[in-house]
Each structure stands twice: as C-alpha cells, then as structure tokens.
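So this first bit is one chain, no partners, the form predicted alone, shown in structure tokens.
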C-alpha cells in the first residue's frame, strides 16, 4: 500500500479540521458535513480535546472542558433528582437520563418523530478522563462543581443498561462503557481528592474481570462475548489493564484477527451492519496508537499507512470506507437513508493525531 500523504501533513490537517469544527461555545461538532452528526458528543469531543492537547493546542481543549462543565452545571437539579431516584431504587427510563450528545450551544436536541438513541454513559466518564489528562490534580476551582456532579451521576448509574459507543444494544451493559466510567471515576477521585469514586471504579473493574471475559478475552459485555474494537480503550488510553495483561493481550489479538478487513482496516464488531459494517479509520488508528505504545512498530506503520491511504479528496478522514463491507446489502440502504458517510469525522482525525503524537496511556499507580 502506498500513499503520497505524510503523517505530519495529516496531523496538521487534523488540527485545522478540529479547530474549524469547534463552535464559539467550545463544543466540537462531530462532523460538519453529515447532518445526523451536527451535535457535540462528549466522547468524541473528549478525544478531540486529548488530541489538541497532544498537538500543542491546550486552549482548544480547555474551551471544550469549560463547555462541558457548563452543560453539566446547567443540569444540576436534574442530576440531583436522577441520583436521588437511583439511590431509592427508582430506575429512570432511558429518555429521562442525561443525553450523550448536545447541540453546540449545550441544549438537548429537538426530536421530530422517533428519537435516535441518546442515553449513553461512556461520554461522561471519557470527559472526566480527558479533563484529568489536561489538568492533572491541579483542577481549577471553577470546574469542581461539574466534576462532583458527573462523579455522582456515574457512581449512582453505572450499573444501568444503556446504549453502547455505537448507539446500539440499549438493553445491555457494555464493557467499553464500563471501562470509560471506571476511568472517569478514577480521574474524578484524583481531582476531588476523594477515595469513594476510586472504590466504585475498582468495583466496576472486578465486574469486568469476572463477568465480561470470554475464552480469555474481553467481550462486548456480560451478555455478548464478541470482541469489539472499542475494547482497546481498556489499555489505551485508560490504562485500566496493562497491555501485557494476558486477557488484554488476547483481546487485542482477537481485534487484530477477527476485525481486520482484507486490506487491514479495523471493523467495529462481527455482525455490524451500519453502512455494511466496513472498517473505520478511527478504529484502525486506535489500534495503531496502541501498537505504538506497546512497541509494535510494524503494526503502527501499517495502521498509519492504511489511514493515510483512505483519506478522501481534500485530505479529510471519513468515518469508514464502503468497499469492504461485512454485508454489502446494507451499504445501499444506509446511503439511501442518510447519504454519504460522515466526512470529515473529527473523531477520526483526533485518533490519527493521537496515534502519531507522544500521547500515552494513563498510569493510576
């Protein structure tokens, strides 16, 4: 596979695209050219903030963190009510929980017709992780109330079924979601100087280790033994498991073996039908990031070259390619329903920047 694009050019391009996609509010749009993604996901945005930190653009990251803090604080009464209900055993319905994405000015999206799944917990945990990565223990006082609210929300609701990274399987728990919550609670524990969030994080990790392992590897969740590419997050960047932990190493091996396309791109999971279940650029870069951190130079180079090869006109990185589907019958139906895939996708660019940066995984010891 050959490409005329350089890694440095694509990193610089990614910084420009992420900066252009940041609203005056501080929110990052998921994709400017895909109407369904004209929102700010906390998870996508947290990775954009990590990437901008890694690229030497901390002001952009801090603006995002301030925006998220404002969104959370504006829902203080709602969060207190939800936490109180959960503590009493009164389980809210999914639509009553906080959304995972917001408009760029921090409002709930307006829904006409059937609502698109919007209850996910991973974004709040990923935001806390990225916030801790940015500030460490020296959290500005202005952000403490939002951290306290987010930690309380996750501590009370972590056991709830919710939608996964991909807005699917809302009736289940998900290993990658649980990992994001655990990482967020560990980060919150550090920033708040409190032990209780870390104790809950450790409880979550015990749950993952006892309920979410199948044939020596982590599965999508306690009810689903399939491997999912988002499970890379347990090591990179969350550092919840060492990369040489046997279960973690086996998981990465299965991702590389089960989810690689014929040309080496990484798919989400076996059975995916969204736009046909093709490989995603951000997942390929995510594995490349992990490979760089573990000293797998060949894997890192292969991931970098594959992503560069699949940049589109204008040197944008889309969400996924369309010519290596698991089920070709679903490509046309999604194109008819939603049009071409998201391009550029800020999350794709953020993962490429992180793959090529000095960014490392967390250390919690």
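Positions refer to the first chain, counted from 1. Predicted, not measured: the structure shown is a model, and the values here were computed from it.
A second form of this protein, the form predicted together with beta-D-glucopyranose (BGC), is not displayed here; the remarks below concern that form.
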item: Residue (of 65, 43, 304, 310) lying close to beta-D-glucopyranose (BGC) in the model of the complex, criterion heavy atoms within 4.5 Å; value: 43
item: Proximity to beta-D-glucopyranose (BGC) in the model of the complex, single hit among 290, 268, 134, 254 (heavy atom within 4.5 Å); value: 268
item: 4.5 Å heavy atom contact, residue 352 to beta-D-glucopyranose (BGC) in the model of the complex; value: no
item: Heavy atom of residue 18 within 4.5 Å of beta-D-glucopyranose (BGC) in the model of the complex; value: no
item: Touches beta-D-glucopyranose (BGC) in the model of the complex: residue 319 (any heavy atom, 4.5 Å); value: yes
item: Proximity of residue 158 to beta-D-glucopyranose (BGC) in the model of the complex, heavy atoms at 4.5 Å; value: no
item: Listed range touching beta-D-glucopyranose (BGC), judged in the model of the complex by heavy atoms within 4.5 Å, from 353 to 361, 19 to 27, 6 to 14, 339 to 347; value: 339 to 347
item: Full three-residue contact with beta-D-glucopyranose (BGC) in the model of the complex, heavy atom 4.5 Å, for 37, 167 and 280; value: yes
item: Contact set, 78 to 110 vs beta-D-glucopyranose (BGC) in the model of the complex - heavy atom within 4.5 angstroms; value: none
